[in-house]
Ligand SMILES: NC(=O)c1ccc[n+]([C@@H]2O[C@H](COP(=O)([O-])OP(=O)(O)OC[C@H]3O[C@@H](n4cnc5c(N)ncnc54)[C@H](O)[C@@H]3O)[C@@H](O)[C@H]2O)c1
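The chain below stands alone and is given as structure tokens, in the form predicted on its own.
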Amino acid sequence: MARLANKVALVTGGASGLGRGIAQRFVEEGATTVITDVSEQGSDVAESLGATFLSQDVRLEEGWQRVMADVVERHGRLDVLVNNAGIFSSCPVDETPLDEWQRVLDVNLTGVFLGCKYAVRQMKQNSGGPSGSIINLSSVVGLRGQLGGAAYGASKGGVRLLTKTVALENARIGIRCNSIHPGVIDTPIMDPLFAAVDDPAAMRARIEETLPIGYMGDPTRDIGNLALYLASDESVYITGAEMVADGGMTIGLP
């Protein structure tokens, strides 16, 4: 039996990378899946996966209201929310412009807050009583510092503690909330790094040498499967947890 049969799932930032990998696994396991993104590429991705696409800027509260109303009108409920939409920033604290700081916090943290807010409201109204799983994408940088990661680290650390608060507030009513903390995953977010060097293959090799497991993670296998577990009823006793998928990065250097 499909592990997400009869569940309705919403994945933000689903047009590429981690979001696409997660959405793929959800569809494969029977979930009615909706992906959102600011990129209209999401429409083609959704069609290829067998999902539905809605355009969304996660920073906007009215956008969340519209998306949630659309999901409920089409499907009647919400069982799973994956707050995946996010942006990367690498800048030392003393060189970070205020508008860059605010942009990163708006997408990576405020967007997750709004997702949790409206998902909890809807999950409380699900037929059969309150129920659901909220999965927030943080980062290993949400667990430790990173050179040049002032705004990004603050946003991902905020996601970690927001997750625990949402979990605590809703534990008694069957709405769970957990965070996933990926390490170096082979997604398009790495493309600018490789494009900036003369020998991308050598750069890739250097990165992989720093990982105890010896290679970069796969968005579908390594993050999609972890999100699938947290979305499924197999994980009903897990809430407020930090699920680290980093190939051993946080253990130490190999």
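For every residue, the number given is its place in the sequence shown, counted from 1. Throughout, rigid core stands for the largest set of C-alpha atoms superposing within 1.5 Å between the two forms. Nothing here was measured: the structure is a model prediction, and the numbers come from that model.
Beyond what is shown, the protein has a form predicted in complex with the ligand; the following relates to that form.
Judged against the ligand in the predicted complex with a 4.5 angstroms heavy atom cut-off, the residues S16, S139 and I185 are in contact without exception. The partner is absent here, but in the predicted complex a heavy atom of V38, alone among I213, I207, M68, V38, sits within 4.5 Å of the ligand. For the residues L162, A154, V107, C91, the 4.5 Å heavy atom test against the ligand in the predicted complex is passed only by V107. Heavy atoms within 4.5 Å of the ligand in the predicted complex belong, among the stretches 26 to 34, 55 to 63, 199 to 207, 225 to 233, to residues of 55 to 63. Taking the partner from elsewhere, I87 is found to have a heavy atom lying within 4.5 Å of the ligand in the predicted complex.
Interface residue remark: L49 is not counted as part of the site for the ligand in the predicted complex, having no heavy atom within 4.5 Å. Although the ligand is not shown here, in the predicted complex the stretch 208 to 222 places no heavy atom of any residue within 4.5 Å of it. Core-superposed comparison between the shown form and the other one: the Cα of F194 travels 2 Å or more.
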